[in-house]
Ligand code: ADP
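Quick setup: one chain, the form predicted on its own, written in structure tokens, and binding and motion questions come after.
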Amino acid sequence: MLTGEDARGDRIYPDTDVRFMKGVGPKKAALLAGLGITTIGDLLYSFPRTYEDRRNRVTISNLTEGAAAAFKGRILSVSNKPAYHIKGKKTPLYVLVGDDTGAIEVVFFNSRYIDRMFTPGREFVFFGVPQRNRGKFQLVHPDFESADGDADDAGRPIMPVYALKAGLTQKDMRRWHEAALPAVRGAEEYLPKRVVEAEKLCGIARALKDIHFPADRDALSQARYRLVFEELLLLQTGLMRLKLGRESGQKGLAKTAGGSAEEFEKLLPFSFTGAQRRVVSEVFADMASDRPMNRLVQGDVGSGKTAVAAAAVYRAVKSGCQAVVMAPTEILASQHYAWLSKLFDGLLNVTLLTSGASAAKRGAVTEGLADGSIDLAVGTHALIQPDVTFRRLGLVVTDEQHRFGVNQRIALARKGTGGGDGRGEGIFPDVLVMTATPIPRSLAFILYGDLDSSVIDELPPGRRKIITKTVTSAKRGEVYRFVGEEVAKGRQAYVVAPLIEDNDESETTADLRSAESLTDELTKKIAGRRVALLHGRMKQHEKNAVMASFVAGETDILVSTVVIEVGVNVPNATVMVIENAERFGLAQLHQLRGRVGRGGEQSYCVLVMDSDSEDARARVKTMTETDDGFRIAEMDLSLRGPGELFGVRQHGIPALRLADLARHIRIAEKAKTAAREILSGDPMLVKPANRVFGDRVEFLFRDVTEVGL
């Protein structure tokens, strides 16, 4: 436990409410709560997002685009000058800051609490990342504080910089973190002693002190290593314990009665690739076991994941079980149904169930699933409704699993646990998850390292490489002339924009294209062609109608936001144009590009962008140099950090506060080895040497029941 005394001699603990601290009233407490900070412990584990090295301030003339820096400047002028009017949104605040070498414009979009602070003549220290906008430097929402500083900061060369909300300042956060430090004095070490010694880790009390207020870079480095290792060790231990619990508590049905891989492949109008055969072999080996399969199948767009899933379905049904394939949208479910029903025509009884089904259709389907006369049900979340029951569900396949909440997937899998054939409770179906969203290998190592995973890393023969080009907005006319030429050949095209409509965001610093304006523009420019609009604010039935029209070839050009990122198969689409490509992550760009190139014709992806930021250049360079989704995912991870990649937060997995999976993979490997060693000798973490550590793991994973699959 962390305990200590503050300057007044009062005892403080990790679970002490932050309102106990001087200067934290109801308003400040509410703002801190918005950052996830309600207790002293939360505050101590709310780490700086960066640091300001006051020994290395620069002048305004020496600021570099894209490079974080600190500088001191005086306020020259303050103005509220909206670039356009947005109903219900605040006017941006523009502050001109200068020193003896030059000036820079500083912009705040939520200036309610700060506009009164910036009076001409006052001096402040700013810390942020300069960006170039229309030829001039601009700093958007930087951290700042009065140049007078704080007496408590005297002599500190390295200052923490925290994430803020409007109404909080760096001075506030530093003062409160300083006041919380007594709680770490005499802190009890909860990592196993042998791990601390083997990895030469500094103690928890020292780490928490030095991560906030390091005396030098070496102290900061040691504190960071300790806390990164701790995060990854706790994560790995928790995930391994979940897997141990799942394997010991679930029983499945061995599916060995028939349906060999060779027999199934004869049904296909093509031959499996080597990668598909390897993955099918892995899947069938799982299905032959009485332990329920929990396998993730990753494969780039067009790699043939659905055929692998169909092989699993064939094996399950031939072994006397029913199967389910669940997709995130009605369009994608209908596409799977069309292919699978044709493939299994005369062999299996295949049905489709979506929320749009009539009462009569739904009644017939639920009856057929309950009595076992339906072998395979393809559908959407309609499959998990209470009235849907199965006689003997043996296989659950989910497509694009990150589009489903973990509870939805669990609900479907548990429909197989009731037996229904006299075998009794507790029989779990096999679960096969497909995704065309490449998971970075380093992230998969952390999240799925102890789960079963297969990768289809080979595309079918004859698939043409998509030609990817980058152009500036000055070449936009040429791009759309080319789109018109492709459409004239009978092809179709996608055009993706970052916004739905003009003035869709409060940012005034970028010239962004909207889907609505592009639809109007293309309707005029490419006369006589059918142009349709698709965006996320449309009702589901409207989106379904637009996509169905495009799939059927009744629409020539589909203008959309990223809602078509994971979409349907349109072999006739040969062009993907992505406007303001700098606004999209690499994984998104790759997924969007994968919407074309599905047929036999040469396909193209055109990235339209004017940004010359370092990150934007790195993204487009990667896109033009490779079509390897896993390499792209790794680059995306290194540029953006793990964030919400692959829906990590939806699993309830503890958030990583310091660990960077792109940079800390070697530490992750060490942590994984340590976790295995700990659990091999004490699976329940009940031995005295591991008990405090086990309590910490239990607390962090208190809301986690299933991971990933």
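This one's a predicted model, so the numbers in the text were calculated from it and none came from an experiment. We number the residues from 1 along the sequence you see.
Not pictured, yet referred to below: the form predicted in complex with the ligand.
Novice: Identify which of Gly536, Gly363, Gly302, Gly553 has a heavy atom within 4.5 Å of the ligand in the predicted bound form; exactly one of them does.
Specialist: Only one listed residue qualifies here, and that residue is Gly302.
Novice: Could you spot which one of Phe264, Trp176, Tyr604, Phe272 gets a heavy atom to within 4.5 Å of the ligand in the predicted bound form?
Specialist: Residue within 4.5 Å of the partner: Phe272.
Novice: Would Asn569 show up as a contact with the ligand in the predicted bound form if we use heavy atoms at 4.5 Å?
Specialist: Yes, contact at 4.5 Å.
Novice: Mark Gly528 yes when one of its heavy atoms lies within 4.5 Å of a heavy atom of the ligand in the predicted bound form, and no otherwise.
Specialist: No.
Novice: Answer for Arg463 alone: is it within 4.5 Å of the ligand in the predicted bound form, judged on heavy atom distances?
Specialist: The answer is yes: Arg463 has a heavy atom within 4.5 Å of the ligand.
Novice: Is there any non-hydrogen atom of Arg224 lying within 4.5 Å of the ligand in the predicted bound form?
Specialist: Output for Arg224 is no: heavy atoms all beyond 4.5 Å of the ligand.
Novice: Given a 4.5 Å cut-off on heavy atoms, tell me which of 375-383, 305-313, 194-202, 476-484 is the interface stretch with the ligand in the predicted bound form.
Specialist: That would be stretch 305-313.
Novice: At 4.5 Å, heavy atom to heavy atom, what parts of 324-350 sit next to the ligand in the predicted bound form? List them in sequence order, or say none.
Specialist: Read in sequence order, the lone residue that approaches the ligand (within 4.5 Å, in the predicted bound form) is Trp339.
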